[in-house]
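Starting off, we have a lone chain in the form predicted on its own, written out as structure tokens.
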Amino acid sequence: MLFQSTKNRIALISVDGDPAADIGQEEAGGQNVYVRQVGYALAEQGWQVDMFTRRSSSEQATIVQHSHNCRTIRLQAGPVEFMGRDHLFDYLPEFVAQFLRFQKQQGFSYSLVHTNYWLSSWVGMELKKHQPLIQVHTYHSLGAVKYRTIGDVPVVAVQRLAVEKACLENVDCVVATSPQEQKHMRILVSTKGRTEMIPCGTDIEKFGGVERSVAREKLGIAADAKMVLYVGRFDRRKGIETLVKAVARSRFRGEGNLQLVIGGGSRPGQSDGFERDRISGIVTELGLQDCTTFPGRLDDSILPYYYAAADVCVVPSHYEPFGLVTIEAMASQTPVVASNVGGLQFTVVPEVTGLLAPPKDEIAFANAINRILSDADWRDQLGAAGRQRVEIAFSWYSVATRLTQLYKNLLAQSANKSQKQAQIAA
């Protein structure tokens, strides 16, 4: 059943994370997937969903129609070219103006917006100054946590921290994607404001339907190979260097069947391209070039095969508020070795669906990877438990159902408040 009224038309705002973009390219990762899949799932549950992002190329379509009630709308804000998210803040007023203009042209206004990342939270809070609306927000990354893990703090850091604090204290609800992120909000950002814990999800139909033997045959990977997989962006904070050094320590290295696959997109001359080159250099220095492959960006048609083919998927990030790769791998019945930080401590259950290790600790990662590669039966037990956990807790349908309930409760509370105010005025 489809909602027909304007009050059930919602906007998902993701200024810096285009939901229609190719995943794996520079600064296109978990946030893009989250917005896109949440939009799809909410549309299937009857919402009219418009997903707003910034246009970053003249070749991009202004509107991408995903289904009859779900579309991506690209607004111009600053130069029509790719820009790193740390350089977008000054163009947000233009994004707000373009959003308001779009509403006027369409002849309706949104009663609820779900903003994503701190840049979009500023947009949402500005929109509330122009019209009555409910704002729900998902951080995807907290500056208060991120800036503890990097040495070169950007100039925009002060602005970001202030906006994140204002967001938590003033929007109608902030959605944390893990208990760890929710705790960080309270300890590092503010004790004020309403929060709800609703995790990210994954496509349990797309992932998990391929046998390991079939996947390896398609990818040309030997049946007896010990395959270690990384999927994600090339970014120093993703800890790929730790993984490479851990594999170099593996006791399986001398057996001739160890395979390290580092999947992800890169753009020459951009920051992720530079990081890809740096990682490639480390691979060469450690003598791993003969057993390491860089397949590039893995699109939706091939990614499930890589997950299914792997013996273990490694997520060595310095910090992750959630970590979509972990549940994609688990949905594919592949155990995970991840850093014991942020939401990774929530998605991975140690000794049940995988193992956790301290970030940047190549010895701990090597030991964890070796444990799984050493015991095929235990590997399969971990994989089966991971699949079961994802089916129960992390499908996009379950995420959208919980968000729908949150949206409806907030809309109902707003309607009741307006009704009471009207009665008092009368």
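For every residue, the number given is its place in the sequence shown, counted from 1. The shown structure was predicted, so the numbers you read here are calculated from the model rather than taken from an experiment.
There is another form of this protein, the form predicted together with uridine-5'-diphosphate (UDP), and it is not shown here; the text below is about that form.
- Note on contacts: among P199, G264, G208, G124, the single residue with a heavy atom within 4.5 Å of uridine-5'-diphosphate (UDP) in the predicted complex is G264.
- Though uridine-5'-diphosphate (UDP) is absent from this view, in the predicted complex it lies within 4.5 Å of a heavy atom of just one residue from H184, R276, K238, R212, which is K238.
- The stretch among 316-324, 109-117, 69-77, 277-285 whose residues place heavy atoms within 4.5 Å of uridine-5'-diphosphate (UDP) in the predicted complex is 316-324.
- Although the partner is absent from this view, A366 stays clear of uridine-5'-diphosphate (UDP) in the predicted complex, with no non-hydrogen atom inside 4.5 angstroms.
- Heavy atoms of V231 reach within 4.5 Å of uridine-5'-diphosphate (UDP) in the predicted complex, making it an interface residue.
- In the predicted complex, uridine-5'-diphosphate (UDP) sits beyond 4.5 Å of every heavy atom of F95.
- In the predicted complex, uridine-5'-diphosphate (UDP) lies within 4.5 Å of some heavy atom of R297.
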